[in-house]
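One chain comes next, on its own, written out as structure tokens in the form predicted alone.
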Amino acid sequence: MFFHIFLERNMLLHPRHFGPHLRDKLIAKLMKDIEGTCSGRHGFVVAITGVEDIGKGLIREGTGFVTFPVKYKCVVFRPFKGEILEAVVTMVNKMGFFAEAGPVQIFVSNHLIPDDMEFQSGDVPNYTTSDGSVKIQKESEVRLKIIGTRVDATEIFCIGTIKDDFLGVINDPGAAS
């Protein structure tokens, strides 16, 4: 799920950046350092939407660097247990498959795949129904439900299922060929 939140960070800036474009340099450094990162508490920072306040800088003795407290608004992505997501399958093996929904990697175990689907090894490993009408392979789009999350300091891992109503393959790239 996406949230629009306020965050605060102390930014360290080198003295060579001091001048008429100090604010612009500080905002550019903030975007470069923050966008695309993950904090366990808030989730993945997708984009910084605005800088609310840049406080007075404090000079660090001996280095000349200055620390500026910066308050900013950003969009974050944080998956929750029970959430339904659409994801792209990245790898299929006999244990299950991995899929990605934006920056989040989700594992779906073979126990959480419908019983009528079986693993087929070969050139393109996949899970196929007995009648061959539905196939999960690399690059397939699936709708899945998150049943568990594990949050580390810099990463979020999820476990998902497609063993429920209205879940499963949305788009199969192999059907077009």
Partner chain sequence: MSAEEEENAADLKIGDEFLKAKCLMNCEVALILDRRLEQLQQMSDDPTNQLSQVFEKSHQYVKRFSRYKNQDAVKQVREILSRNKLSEFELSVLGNLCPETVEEAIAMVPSLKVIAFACCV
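Numbering follows the first chain given and starts at 1. These numbers were taken from a predicted model, which means no experiment stands behind them.
Another form exists, predicted together with the partner chain; not displayed. Remarks below refer to it.
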| property | result |
| --- | --- |
| Partner-proximal stretch of 62-70, 108-116, 127-135, 48-56 relative to the partner chain in the model of the complex, 4.5 angstroms, heavy atom | 48-56 |
| The partner chain contact in the model of the complex: residue 31, any heavy atom under 4.5 Å | yes |
| Residue 120 within 4.5 Å of the partner chain in the model of the complex, heavy atoms | no |
| Contact flag, residue 96 vs the partner chain in the model of the complex, heavy atom cut 4.5 Å | no |
| Heavy atom of residue 84 within 4.5 Å of the partner chain in the model of the complex | yes |
| Heavy atom contacts to the partner chain in the model of the complex at 4.5 Å, residues of 97-114 in sequence order | 100, 101, 102, 103 |
